[in-house]
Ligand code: FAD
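What follows is a single chain, given as structure tokens, in the form predicted alone.
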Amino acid sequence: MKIREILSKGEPTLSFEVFPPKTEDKYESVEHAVLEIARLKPAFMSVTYGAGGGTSRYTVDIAATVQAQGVTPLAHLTCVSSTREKVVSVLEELKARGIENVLALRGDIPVGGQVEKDFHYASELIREIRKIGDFCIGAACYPEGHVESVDKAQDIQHLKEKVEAGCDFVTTQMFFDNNILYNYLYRVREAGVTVPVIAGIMPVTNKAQIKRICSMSGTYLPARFKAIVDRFGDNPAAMKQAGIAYAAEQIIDLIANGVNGIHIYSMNKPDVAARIQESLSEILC
């Protein structure tokens, strides 16, 4: 099923992100986690992509595993480190497996800045996907602005270019203050972007995640969230419980304010995914 059809119903949806193994010896354990999350029957599951080999070899396989469980898969595809030939090859394999949804991403610039010449931006990849087949295409958006953007106006312009290239919906980078998303939605709608915006939520279950999040994206951490980390960060069980509760409260507020699409960065943790879903059992009915 195409994700644009799922979103068009206008009902609250909960989806999860999973990632393939980095090495073959980890495949079985990752597959087990993916199957556990698929048993929750989310609206869809996205599968990340590692450019330049490694995890990229397993993205299609994991997406096919998700589909075999009766859950709609969304396969990530990055382009900055891929040739056009590689991109076409992956898309043809997705078509052969009956996978209809692709999340089109530029991808991180490799260390040393070595990139392929065929693609420079996600909008170029979106146009290529449109030429290859009848895919439902998603893209990323950044409520706090992409770290490489000069300003937020430029960032929204890049979002418009993705939509004009043919993307059907966008998913946000993680955020911890819902007001940031509400302000962002006002600005993108004013700019003429009308595709569905899915809110990306990260349940922070350990203190180490905070350092990684801040170093990678510069995400704003509200005082209320910092207090949780300060109080419970050194108690793993308490931090996990508090992090899940914080994410669940975010989601409830989002749905109450009309943001129906919720995507959980689950970090391949079935128990976290299950506890989030359980906390929303009546809300998602």
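Residue indices: 1-based, along the sequence shown. Here the structure is a predicted model, which is why all the values come from computation and not from measurement.
There is another form of the same protein, the form predicted together with flavin-adenine dinucleotide; it is not shown, and what comes next is about it.
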| item | value |
| --- | --- |
| Partner contact for residue 105 in the model of the complex: flavin-adenine dinucleotide, 4.5 angstroms, heavy atom | yes |
| flavin-adenine dinucleotide contact at residue 146 in the model of the complex, heavy atom, 4.5 Å | yes |
| Non-hydrogen atom contact residue 141 with flavin-adenine dinucleotide in the model of the complex at 4.5 angstroms | yes |
| 4.5 Å heavy atom contact, residue 182 and flavin-adenine dinucleotide in the model of the complex | no |
| Per-stretch contact check against flavin-adenine dinucleotide in the model of the complex, the hit in 202-210, 185-193, 118-126, 87-95 (non-hydrogen atom, 4.5 angstroms) | 118-126 |
| The single option of 178, 82, 171, 101 touching flavin-adenine dinucleotide in the model of the complex, heavy atom within 4.5 Å | 171 |
| Heavy atom within 4.5 Å of flavin-adenine dinucleotide in the model of the complex - qualifying residues of 68-83 | 76, 78 |
